[in-house]
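One chain is shown next in structure tokens, namely the form predicted alone.
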Amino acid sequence: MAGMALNSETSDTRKRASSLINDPKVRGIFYQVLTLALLVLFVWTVTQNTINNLQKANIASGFGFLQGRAGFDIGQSLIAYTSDSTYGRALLVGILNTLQVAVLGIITASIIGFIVGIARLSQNWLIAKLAQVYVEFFRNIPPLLVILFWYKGVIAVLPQARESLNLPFQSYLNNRGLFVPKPIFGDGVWAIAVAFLIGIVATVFVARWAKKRQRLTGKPFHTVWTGLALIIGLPILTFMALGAPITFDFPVAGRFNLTGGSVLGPEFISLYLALSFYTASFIAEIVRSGIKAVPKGQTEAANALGLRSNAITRLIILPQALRIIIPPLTSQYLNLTKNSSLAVACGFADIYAIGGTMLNQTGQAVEIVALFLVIYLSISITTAIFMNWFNAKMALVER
């Protein structure tokens, strides 16, 4: 009897063990723990190997080098910088230059892409074909070639400084760049920025009120003009009330050179235009496909109601197409930001170019590459989070 009881207990133990092994939940936890352990082992091995190699090469690790003197100049900077500044400040200049190109490029590429995308669907044969040629031309050549085209084929052949092209607002364009008026901020200028933010907040509340009013009464409200009046009008009124605290230093054309004002160098202009026109070709196709995805019955119903073509596009087609356009549009914004690292081809001082100079001078390869990873990841993740939030706001609310 004792032997039979022992055999029965052994059999029950084997069954429980077998059931645990065959349990998908237990198996999943085991494989995840095993994968995590292997990942930790891999990271630890790489870290130890890196530390050993740095010790053998007598290279000090850490980020203390950021406090050292940079010793090199930067052509274009949004903040004060000299060769006596630290490596940390040089890195900050590179970050700001990268953000400048990315933000302006995203705005310009979006505008051009939406215009070209809508033009591709135009009933006018010439406009549609010109838009198609633009898309096929820029989409099928490398972005580096586009940068070199603008840098060597357009900016470099502009007139010299003494023969600069006169532009509106007392600006000048030549092969040294674009010379524009430089704003000089006086006391109380912060109030203009506050008025601008108040205008944005007020526009949001007006848009919500108008949407609620239209839902209850059916009467529309022109939020666009009201929003423009708030966002633009409030800062202008504040500017006038403070006695114009912003003045401008205009560039002056001399006999051989230009003095005064602010200069956008040929490197920045080439990179900005190249990334904008290149990315716009992809955005145009995204816009075209998003519009084509809207059911044709929507357009037919709008035509039956007697709406004009521009009203149909603005009020019916684009709001529905945006829900399809936004997700792939996010990828193009991220691509433009990452493609800004090609700035080294035209000599623009972005984060990658400045980091490369720092690496050559300090030899801190691991630390600088780690900074590259953190900076580009931070910019990309921030962009993705904002676009995901915007996509959620544009999504249809299901009942």
Partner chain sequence: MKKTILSAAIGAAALGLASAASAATLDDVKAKGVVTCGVSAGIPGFSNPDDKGEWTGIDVDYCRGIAAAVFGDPTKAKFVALSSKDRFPALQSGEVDVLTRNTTWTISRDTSLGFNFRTVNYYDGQGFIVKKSLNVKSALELSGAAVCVQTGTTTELNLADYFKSNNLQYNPVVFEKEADATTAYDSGRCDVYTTDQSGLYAIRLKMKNPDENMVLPEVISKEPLGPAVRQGDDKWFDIVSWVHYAMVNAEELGITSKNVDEMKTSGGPDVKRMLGSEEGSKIGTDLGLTNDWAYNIVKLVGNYGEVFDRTVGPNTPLKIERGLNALWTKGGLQYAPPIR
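Positions refer to the first chain, counted from 1. Take the two forms, superpose them, and find the largest set of C-alpha atoms that agree within 1.5 Å; that set is the rigid core. This structure is a prediction, so every number in the text was calculated from the model and none was measured.
From this point on, the text means the form predicted together with the partner chain, which you will not see here.
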Problem - Candidate site Leu38, Val135 and Pro328: all three near the partner chain in the model of the complex by heavy atom within 4.5 Å - result: no
Fill in the blank from the handout: Among Tyr278, Tyr151, Tyr272, Tyr172, just one has a heavy atom within 4.5 Å of the partner chain in the model of the complex, namely Tyr151
Completion exercise
Exactly one of Ala284, Ile106, Ile155, Ala90 comes within 4.5 Å of the partner chain in the model of the complex through a heavy atom, and that residue is Ile155
Practice task
Classify Gln160 as contacting or not contacting the partner chain in the model of the complex by the rule of any non-hydrogen atom within 4.5 angstroms, answering yes or no.
Solution key: yes
Handout entry: Trp125: touches the partner chain in the model of the complex, heavy atom cutoff 4.5 angstroms
Key = no
Problem - Distance check, Ala70 to the partner chain in the model of the complex, heavy atom within 4.5 Å - result: yes
Problem - Interface membership of Gln361, the partner chain in the model of the complex, 4.5 Å heavy atom rule - result: yes
Problem - Stretch in contact, per heavy atom within 4.5 angstroms of the partner chain in the model of the complex, of 305-313, 233-241, 206-214, 72-80 - result: 72-80
Fill in the blank from the handout: When the partner chain is considered in the model of the complex, the residues of 234-268 having a heavy atom within 4.5 Å of it are Arg255, Phe256, Pro266, Glu267
Handout entry: C-alpha of Ala156 off by 2 Å or more between this form and the one not shown on rigid core
Key = yes
Practice task
Over in the other structure, so in the model of the complex, do Ile155 and Ile115 pull closer or drift farther apart at the C-alpha level? The difference is 3 angstroms or more.
Solution key: farther
